[in-house]
Ligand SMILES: C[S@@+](CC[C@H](N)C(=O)[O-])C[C@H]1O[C@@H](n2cnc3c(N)ncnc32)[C@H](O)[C@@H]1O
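Take a look at this one chain, the form predicted on its own, written out in structure tokens.
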Amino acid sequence: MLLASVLGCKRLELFLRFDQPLSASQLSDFRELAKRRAKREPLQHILGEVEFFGLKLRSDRRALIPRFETEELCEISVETLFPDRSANIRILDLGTGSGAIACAFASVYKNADIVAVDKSPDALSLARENAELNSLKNISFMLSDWFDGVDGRFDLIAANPPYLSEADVASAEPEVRNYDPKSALVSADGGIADLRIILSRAPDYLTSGGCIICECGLEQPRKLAEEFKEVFAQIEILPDSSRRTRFFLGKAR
């Protein structure tokens, strides 16, 4: 992927050009990229982009690199919760970061009103860039600490909040530990504090029968399901593709 970036081609095209010699400048550029990767700088930061839900998004230190698990959150929402892609629904993306979730929904639900919030101005600037890059017009961006600046009710609330403990981050790979914003990774009380804040306040912002879906750390969904069983009309705990408990789904009364 680094070499394809230097040559300005797709990765698979390299197999058709395997006997092409590199120029001195191309070799120099490739070596510099390889040195950065050897220092464990994330590939997405070196390339400056990441693929997510069929979109190309800019990726840098301003926000968490979008993960595959978060794509699964979007897939669950689109395929199960709101399969009608022409629906006039209102969606809230809490802690939008790079804007990945908001952009994914905007690309699917052309008639939706999507609000993306984050307390980081840097993250919001990246999210706006990604919406513009993909010509997505139905997202409004707001500087807010979770629900603090939010008004109205929503049919769907999606959140991928910080859910790691300090110990989790300390033992993580250097790509995560040294490059992802710590504020997007770590939450108090063993990683669950922000999820509790979100779920405790969500019913006030959901329409009747509306849903909230959160990406969580392993085993957190079970704990949250027990704590909030009286708050929501229905709760589901959903696994990711690796069959690990990953998502909390709550339906409002």
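Since this is a predicted model, take the numbers as computed values, not measurements. The numbering used is simple: start at 1 and walk along the sequence shown.
FYI, the form predicted in complex with this ligand isn't displayed, but the following is about it.
S183 belongs to the set of residues with a heavy atom inside 4.5 Å of this ligand in the model of the complex. When this ligand is considered in the model of the complex, D145 lines it closely, a heavy atom lying within 4.5 Å. The shortest heavy atom separation between T70 and this ligand in the model of the complex is within 4.5 Å. Not displayed here, this ligand is approached by S120 to within 4.5 Å at the level of heavy atoms in the model of the complex. At a distance of at most 4.5 angstroms from this ligand in the model of the complex, none of the three residues S77, G210 and G250 contributes a non-hydrogen atom. Checked against this ligand in the model of the complex, the residues I192, L64, L206, C214 give one hit for a heavy atom within 4.5 Å, which is L64.
With the partner removed from view, the residue among I114, I157, A127, I101 that has a non-hydrogen atom within 4.5 Å of this ligand in the model of the complex turns out to be I101. Screening 93 to 101, 80 to 88, 127 to 135, 170 to 178 for residues having heavy atoms within 4.5 Å of this ligand in the model of the complex returns a single hit, 93 to 101.
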